[in-house]
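Next up is one chain by itself, shown in structure tokens, the form predicted on its own.
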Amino acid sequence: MKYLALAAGLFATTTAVAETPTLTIYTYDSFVSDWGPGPAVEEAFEKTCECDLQFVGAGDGASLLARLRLEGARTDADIVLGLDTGLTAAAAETGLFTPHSVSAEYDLPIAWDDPLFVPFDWGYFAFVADAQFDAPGNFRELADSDTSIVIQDPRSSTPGLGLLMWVKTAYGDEAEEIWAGLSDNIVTVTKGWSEAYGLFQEGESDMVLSYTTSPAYHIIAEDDRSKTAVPFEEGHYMQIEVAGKLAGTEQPELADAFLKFMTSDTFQSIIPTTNWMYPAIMPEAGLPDAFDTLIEPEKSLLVPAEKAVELRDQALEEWLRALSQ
């Protein structure tokens, strides 16, 4: 009888484990890194959901959409986290996303009412350099200088796409001319942000495409004030990062719970010192003091999501032509 009881207990345990629901979230690699938000978010959400939250790194932000298009309705993802407003219209056109039920008071620079995507953080793209470096103050000066830069590929990286939109928004029909001038400043074009920033830290370039908030990492995590974001006269392009629920998810209620959790103080408090961005909703404790030292762009640039697809395609063609010459 003891053995029967033991077998019954093992069966019950196995059944309980098997019944634990899994929520699969595709995101970008830096989000799930040891120093990114992923581990803390996973721990915090699993305390509330009685589920197994699994983050799947899929390269950089723009790679998420490419993977989703490839997988289509067969995707294992319940949620995609890490798209931005440069990609949301294209993502919506796939028909793979379904409306969310989240309602929140966001602390964003623009009004937010997208029915498919929930914002979780935002920031401004910028070139980061050593604070002692005599950095150019606009793209024309950069193109005319010997300053070396590392940037990301707009076909795989949301920062790379953001730079493309930044130049196109600031210079319009002259964007290709700007890229032609910048071509000899570019040391390399990396697939994602992590690779680019790593090369910069290794001394491979004078500046790297990143965010105005990046120096906060060095101050808080390394007690290093030697890095700064370079203010550009054209203004700085804004990024708002979002997550969306897949229409084919087998865990719709759990997906809704996670999207709602993203707007919680717990989630939003994790963002500033792990993703090094501004939270979509200001945490009750506010921002770390280091954020008070960051540059604030005098001009914000952002293409409405519904116009981003057409402008992106045009800007990408110009970028490819200029860099291939």
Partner chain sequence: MAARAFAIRRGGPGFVAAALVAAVILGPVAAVLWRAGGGGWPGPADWAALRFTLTQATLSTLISVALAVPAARALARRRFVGRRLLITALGAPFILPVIVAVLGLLAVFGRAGTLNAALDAAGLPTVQIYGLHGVVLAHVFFNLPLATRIILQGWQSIPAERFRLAASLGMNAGQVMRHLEWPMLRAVVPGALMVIFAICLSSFAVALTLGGGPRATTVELAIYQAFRFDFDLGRAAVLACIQLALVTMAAIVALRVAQTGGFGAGLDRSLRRFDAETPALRLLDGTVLLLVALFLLTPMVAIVLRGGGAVLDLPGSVWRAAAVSLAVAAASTALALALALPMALAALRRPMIEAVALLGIAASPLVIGVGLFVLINPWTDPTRLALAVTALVNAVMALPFALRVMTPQLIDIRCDFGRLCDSLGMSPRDQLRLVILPRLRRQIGFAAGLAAALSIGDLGVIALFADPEIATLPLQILRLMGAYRMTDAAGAGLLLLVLSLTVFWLLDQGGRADADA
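The term rigid core refers to the most C-alpha atoms you can superpose between the two forms while keeping them within 1.5 Å. From a predicted model like this one, the values you see are computed outputs, not experimental measurements. Residue numbers count along the first chain shown, from 1.
Form predicted in complex with the partner chain: not shown, discussed below.
A.B. asks: Hey, of 180 to 188, 244 to 252, 135 to 143, 116 to 124, which bit sits against the partner chain in the model of the complex at 4.5 Å between non-hydrogen atoms?
C.D. replies: That would be 180 to 188.
A.B. asks: Of the residues 198, 95, 109, 99, which one places a heavy atom within 4.5 Å of the partner chain in the model of the complex?
C.D. replies: It is 198.
A.B. asks: So the partner chain isn't shown here. In the model of the complex, which residue out of 292, 284, 296, 34 has a non-hydrogen atom within 4.5 Å of it?
C.D. replies: Selected option: 34.
A.B. asks: Whether residue 214 contacts the partner chain in the model of the complex should be assessed with a 4.5 Å heavy atom distance threshold; does it?
C.D. replies: Output for residue 214 is yes: heavy atoms within 4.5 Å of the partner chain.
A.B. asks: Quick one: is residue 153 in contact with the partner chain in the model of the complex, heavy atoms, 4.5 Å cut-off?
C.D. replies: Yes, residue 153 lies within 4.5 Å of the partner chain in the model of the complex.
A.B. asks: Indicate whether the partner chain has at least one heavy atom within 4.5 Å of a heavy atom of residue 161 in the model of the complex.
C.D. replies: The answer is yes: residue 161 has a heavy atom within 4.5 Å of the partner chain.
A.B. asks: Is residue 203 close enough to touch the partner chain in the model of the complex, meaning at least one heavy atom pair within 4.5 Å?
C.D. replies: Contact with the partner chain, yes.
A.B. asks: Would all three of 56, 194 and 210 be in contact with the partner chain in the model of the complex, where contact means some heavy atom lies within 4.5 Å?
C.D. replies: Spot residues vs the partner chain: full contact, yes.
A.B. asks: Relative to the partner chain in the model of the complex, which residues of 53 to 73 have a heavy atom no more than 4.5 Å away?
C.D. replies: Read in sequence order, the residues that approach the partner chain (within 4.5 Å, in the model of the complex) are 55, 56, 57, 59, 60, 62, 63, 66, 67, 69, 70, 71.
A.B. asks: At a 2 Å cut-off on C-alpha positions, does residue 151 qualify as shifted between the shown form and the other one after fitting the rigid core?
C.D. replies: Yes, the C-alpha moves 2 Å or more.
A.B. asks: Rigid core fitted, then: does residue 253 show a CA shift of 2 angstroms or greater between the shown form and the other one?
C.D. replies: No: residue 253 shifts by under 2 Å between the shown form and the other one.
A.B. asks: For a quick test of reading the superposition: does residue 98 move by 2 Å or more at the CA between the shown form and the other one, rigid core aligned?
C.D. replies: Shift at residue 98: below 2 Å after core fit.
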